[in-house]
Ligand code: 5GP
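Next up: just one chain, as structure tokens, the form predicted alone.
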């Protein structure tokens, strides 16, 4: 999975893990980095190997692998320090992903289908198309549901197609209890996160109504003050989109080692292209990410210039 995995990356990986294990394979799941506490409830999460924390153990697993499934990323740089290792592996690398512009030359098999809601949905399709839908147990269902539900914005985004709802119906038929998953993902934070969000919305959000754009910029000192951990800023970029007329929302965070950026949009503004052009990133048409090696202040000014360069598109309603 990609670094700092979200629910789709972790859920699709663990869903595939549970399925392949039932077929008698020896399966290991590796994350390039640590992951948020609110993902630790997933069945099998306690056995996931953190590459940065257990590099030697992870490298031994990779060296002995026959197949390496690459889930929810389609270019190696999204695995950070794992990238050089993946690049030189002799094992067959199999891509299952839904992001744009895959590095197809790096994979022996697989596909990146941008029309799919999530990698979790694609793993579900993989299982069903293999003729083993009967192997979907509760553990697999919970992991896959978490991935598809979060990547569709709780089924509000256009990617929540009829096939997504048919998938959920089948998972429910297999005994899935969806309420527990929502509680584990959304009602599982500490008080400091809620106070941090209040502080950010009050003091770190700027609205550019003439460009139908909102920007949240968070300095490193805020993360330290509120003891923000991995995953605590998940979903924060979506808050400004609830403001009437806002077409582009951006979140720029000083993570100390680098500046991380998240972009969300409505309608016809392509943040994948925006992130690739200005912030060394990419993703989906309406949801993308990026980075910067500049200071927070410089990155904010870079975003403002980019926003103004896209004025004509942003002003269209």
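Owing to the predicted nature of the structure, the values given are computational and were not obtained by experimental measurement. Residue numbers count along the first chain shown, from 1.
What comes next is about the form predicted together with the named molecule, which is not displayed.
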{"item": "Non-hydrogen atom contact residue 291 with the named molecule in the predicted complex at 4.5 angstroms", "value": "yes"}
{"item": "is_contact(residue 270, the named molecule) in the predicted complex, heavy atom dist at most 4.5 Å", "value": "no"}
{"item": "The named molecule contact in the predicted complex: residue 62, any heavy atom under 4.5 Å", "value": "no"}
{"item": "Close approach of residue 287 to the named molecule in the predicted complex, 4.5 Å, heavy atom", "value": "yes"}
{"item": "Listed range touching the named molecule, judged in the predicted complex by heavy atoms within 4.5 Å, from 35 to 43, 22 to 30, 254 to 262, 53 to 61", "value": "254 to 262"}
{"item": "Residues within 4.5 Å of the named molecule in the predicted complex, restricted to 133 to 155 and counted by heavy atom", "value": "none"}
